[in-house]
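Next up: a single chain in structure tokens, the form predicted alone.
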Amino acid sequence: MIGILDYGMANLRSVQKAFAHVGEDAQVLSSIEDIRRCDRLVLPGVGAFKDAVQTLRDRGFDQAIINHINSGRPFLGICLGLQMLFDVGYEDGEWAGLGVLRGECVRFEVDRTLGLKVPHMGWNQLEIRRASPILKELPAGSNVYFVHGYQVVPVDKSVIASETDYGGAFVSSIWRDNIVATQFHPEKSQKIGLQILRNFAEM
């Protein structure tokens, strides 16, 4: 079973519908026991790092997520679900993340004289750096949909699966063992996004 974790900060139905579109029965989860039972776990997220990670801790989901990852079962983080995997986030202060991956989540800084804006919103291109399981069979220069004002900076650069240019390169997806995560939204990325979700279902 593919489980999509409901912790009150994500557009769960769009993720669920996207999985259904590729023939996968993804269920929305709302308990620690649900997390224990699922074969694959998806952590989506929209909103502030502080509020999201605190909600996970308040509900005991933080350790359940870590246990799932440590068991070797596939895990997909989307947007904020990627950012929270790291040690620390700096949105409205300094907040401890889940610490699954070493590194930090920092504000996106761009040269506004180039006409660039933050949050980074809209379509942009993936530059694949490593053959991540969820990026297989994607055509070169695939475009995906972003909505974010922060970016992750991994300590271990080998986890970077793809980068994207927006006034400079930033990390757009990561991969380590059974962990895959995207800064973009596969569920909003049309044909390319559906292929990514299909790939995750086959991990």
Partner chain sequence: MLTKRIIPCLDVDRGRVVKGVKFFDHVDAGDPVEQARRYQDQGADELVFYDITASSEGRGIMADVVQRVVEQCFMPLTVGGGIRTLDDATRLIQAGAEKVSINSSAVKNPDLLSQIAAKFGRCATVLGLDANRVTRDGREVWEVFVNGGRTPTGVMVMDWIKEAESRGAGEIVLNVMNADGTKEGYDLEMTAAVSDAVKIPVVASGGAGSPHDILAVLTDGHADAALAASIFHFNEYTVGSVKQFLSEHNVAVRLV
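Remember, predicted model here, so these are calculated numbers, not experimental data. Numbering follows the first chain given and starts at 1.
The discussion below concerns the form predicted together with its partner chain, not included here.
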property	result
Option touching its partner chain, based on a heavy atom within 4.5 Å in the predicted complex, out of 130, 117, 73, 102	117
Distance check, residue 60 to its partner chain in the predicted complex, heavy atom within 4.5 Å	no
Heavy atom of residue 175 within 4.5 Å of its partner chain in the predicted complex	no
Residue contact check: residue 18 to its partner chain in the predicted complex, 4.5 Å heavy atom	yes
Heavy atom of residue 34 within 4.5 Å of its partner chain in the predicted complex	no
Candidate stretches 146 to 154, 64 to 72, 23 to 31, 132 to 140, one within 4.5 Å of its partner chain in the predicted complex by heavy atom	146 to 154
Stretch 101 to 131: residues contacting its partner chain in the predicted complex, 4.5 Å heavy atom cut-off	111, 112, 116, 117, 118, 119, 120, 121, 122, 123, 124, 125
